[in-house]
Each structure stands twice: as C-alpha cells, then as structure tokens.
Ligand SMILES: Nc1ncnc2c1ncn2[C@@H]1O[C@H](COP(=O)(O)OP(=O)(O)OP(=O)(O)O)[C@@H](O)[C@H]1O
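Given as structure tokens, the chain that follows is alone and in the form predicted alone.
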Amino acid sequence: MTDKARVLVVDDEPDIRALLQLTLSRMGLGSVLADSLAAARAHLAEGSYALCLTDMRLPDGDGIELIREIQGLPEELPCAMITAHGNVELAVESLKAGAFDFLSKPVDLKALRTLISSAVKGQRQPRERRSRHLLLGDSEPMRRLRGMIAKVSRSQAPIYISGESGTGKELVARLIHQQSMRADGPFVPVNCGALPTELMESELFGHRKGSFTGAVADNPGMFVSADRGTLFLDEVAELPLHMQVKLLRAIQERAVRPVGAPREVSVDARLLSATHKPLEQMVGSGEFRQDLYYRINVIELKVPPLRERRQDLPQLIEHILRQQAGAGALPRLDAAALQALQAYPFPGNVRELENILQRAHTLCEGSVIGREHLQLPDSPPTLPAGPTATGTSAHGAAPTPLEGPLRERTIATPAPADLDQHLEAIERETILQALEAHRWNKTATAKALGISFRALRYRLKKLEME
C-alpha cells in the first residue's frame, strides 16, 4: 500500500478517530478526519478516497444517511459502518443502504485491518465485468440481474438468491464471488439438502479428531474452508430448526465452534444462500426462523425462470449445442423444433433445456435437429398455481420435471391422500427410471437428474433404495 490512498474517517469521538488514524498510518494509508456529517460532506466534495469509515451516531445525523449519499456519487467508494456492540439491526440496515461491511465497538484491530485491506485492494484492482459472457441472455430480466450482481458484488452483505430449480442460482453466486473483493479466496458451495442430518454440524462447522465415532481426523468444516472467501449455502430451507439456530450464531459472531473443540474459531467468510422454496411462507408457518431469515436476506436477488425470458432461447440453444458438439459440427434446429421450444413452459428451466438438447443431439443422426428429436410431452407439464417470489406452488414444492431419458416413460403413480407419500412415490419412480436408463451407473444417473453424486446417495438412503 502507498500513502497516496486516503481513507475518510467520520466519528465524533476523538479517541476513535485517533485509533483509526494510527491504524491507517501503520498500514501505509493516509487519513482525513471528520467529526460530523457536514464535515464529511465537505471533504467528499474536495477529493477522492479509497474507503469511508463512518460512525452510526453523529451530532447532525447518522452514518446511514451518509452511506446513501455516497452511493449516489459518480465515483465508486466503499463504506464501512462502525456501530455500538450488539446493534445488529442497524448494522443490517447499513448493509442494505450500501455499506461494504460493518464493525462493532469496541473496535477489534485485527478485524479492522482485514476490512481496510479488503476494501482498498478492491478499489485498486480493475473490476472485470465478465458476467455477461457467463450469464447469457439480452432480455430485460437478465440485464437487470447482471446489473444487480455487479452492484451487490461490491459489498460484504449476505445475499439471498431466490428462483425456481434449474434457473442457475449457483452460477449467480459464483459470479458474485468472481466480481467481489474476495475473488482470490475460495468459493465453497454446500447443498444443504444433500447433507445427512446427523452430519450437518460436523460438515458445516468442522470437528476434532475423536469427537465422535468415525472422527478419525480433524475436519475444518465448510465455514473455515471458506475463510477469506465465499460460502454458498444452496437449498438453505432444508436446514432443520436446530441447525438454523447454530447458523444464526455463526453469522452473528463470525465464528464457529467445531464439534469437540473447546473454543470458537473466528471465520471471515461472506455468506450467500439460495433455495427454490418460498422462505417467507416458511417463516409464517414456523418452518424457518424469522431472525435467521432477516440475517441471510439482507439483499435478495431473484433469478427469472426461462419462460419469462423466451427471447434468450436462441442464444442459449446455440451456446448449449456448441458445448455439446465440441470439436464436431455444430447442429442446428429446424423451424418446427425451435417453434416447439418457444412454446414449451420449461418447468425445469435452463437445466431442463440442457437435458432436452443433449437428448436431441444424441438422437439426431444428421446436422439438423427436428421436433421429433426433442421428445417433448404431448401435454406440457402444469406450472405451479399462484404467483410467488420463487415460482413455487402454494405448498412450497417446486415442479419436478422429468429430464433426459426420463420422459420416455410415464409415471403412473396413483395420487394418495397424503401429499408427502405421493411426492415420495414420484421421487422414487423418477430415480428408478434414471438408474435403469443409465444401467445403474450412479454417476451418470446423478448427472441426468441434475444433482450431485452425494445428493443421489443421500436420496437413495432416505428412500431405502440402496
């Protein structure tokens, strides 16, 4: 770091200003001090800064007001809020206003130095806008989503990514990480729905050797593995209530306690979470903790379903077919096939489109894919009734499309009175069909179903199909 970078410090307490100035000086950074909103505004009008550190309570207003004003400036300036200890609600409010991060008083110097380093490093590195080339589509919903990704990547606020299954929520999470100041750190994705209940705590928070039967070595856990990087909790709605409590504490304290460890371990990981289920409805029914919901949902990104951006279909189709063709000749769709796809509702979204095209590419003997190669159902699947934020039904269950070779057989399971039994029967039959189609190769089956190998093993065990 050089002394050319300056940090604007806004606090009405002389001792805090002196502490921050000394810390910045030792890090090779200059500082400009202000004891009020008016003084801060004057300094902002006179020069540029690498970071703004502001107190919450000021004589002539509050820091959140200053943060909102800074968000409207033409030049990007990360801000961090300094709040009274335990004032979580105001800290969350500052993140929603656009703060990069927050610190609690009394200020922890190690955490302060980490925050300053991350912010200044992010300002000095040119931010690559690569999302357009990875998150395909020129429709208005996709342009809006890419803009939001670029904006939220600059902060440390927890992000909740909502959307139907197959829309690309993990891709959105990876793009946020790649465009953030943590891009050099690890990106650790965790499918909460694939974690066995009895191993959830150990997998997330780690364990010490000998802490339970089978713990033959230390395990750092997912949180520690994501230190200085990003932790992505996919299908976070699948966490049971007792794990929701532990997750809430980890987020609040920025520390985890491995199973069998005598003390907590500090963790600096940004949290991203996602689910296809309607979390707000689950809060109302008591299935998801309200306090945890508000901590992970500081900012929400909604990923649009494919049927709401049909103009992106030609671009997506070409990209997918190009990937599948590799070095071979690029196949194309005839007019009837393209028209059929344009009319199809895609309950499985982009993931289903990939499976349909993979099957069609395999069945097509020439270079032209016809409608018959798509093998779309004569009666399109019924979409969920009632608009929700995530496109799920009133029961909170997302549609489960039959993908790939699974469409070649029709599930003829009678609908029992118990909805859970009915859904379990459909899941069992779907997995069985996929296993048969892939000659009981579990790796290929998991890929066809669009889930991980570990998730498939978990479902086989749950359904007693092993």
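Residues carry their position along the shown sequence, with the first being 1. This structure is a prediction, so every number in the text was calculated from the model and none was measured.
As for the form predicted together with this ligand, it is not shown, yet the points below apply to it.
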Check Asp268 for me: does it contact this ligand in the predicted bound form (non-hydrogen atoms, 4.5 angstroms)? no
Given that this ligand is not shown alongside this chain, does Gly221 nevertheless sit within 4.5 Å of it in the predicted bound form, heavy atom to heavy atom? no
At 4.5 Å between heavy atoms, is Val350 in contact with this ligand in the predicted bound form? yes
My question is simply whether Thr230 lines the interface with this ligand in the predicted bound form - judged by any non-hydrogen atom within 4.5 Å. no
Tell me whether Met142, His276 and Glu354, taken together, all sit within 4.5 Å of this ligand in the predicted bound form, counting heavy atoms only. yes
Just one of 241-249, 70-78, 158-166, 254-262 has heavy atoms within 4.5 Å of this ligand in the predicted bound form; which? 158-166
Since exactly one of Asp101, Glu235, Glu201, Glu93 fits, which has a heavy atom within 4.5 Å of this ligand in the predicted bound form? Glu235
Go through Val107, Leu171, Ala215, Ala150 and name the one with a heavy atom inside 4.5 Å of this ligand in the predicted bound form. Leu171
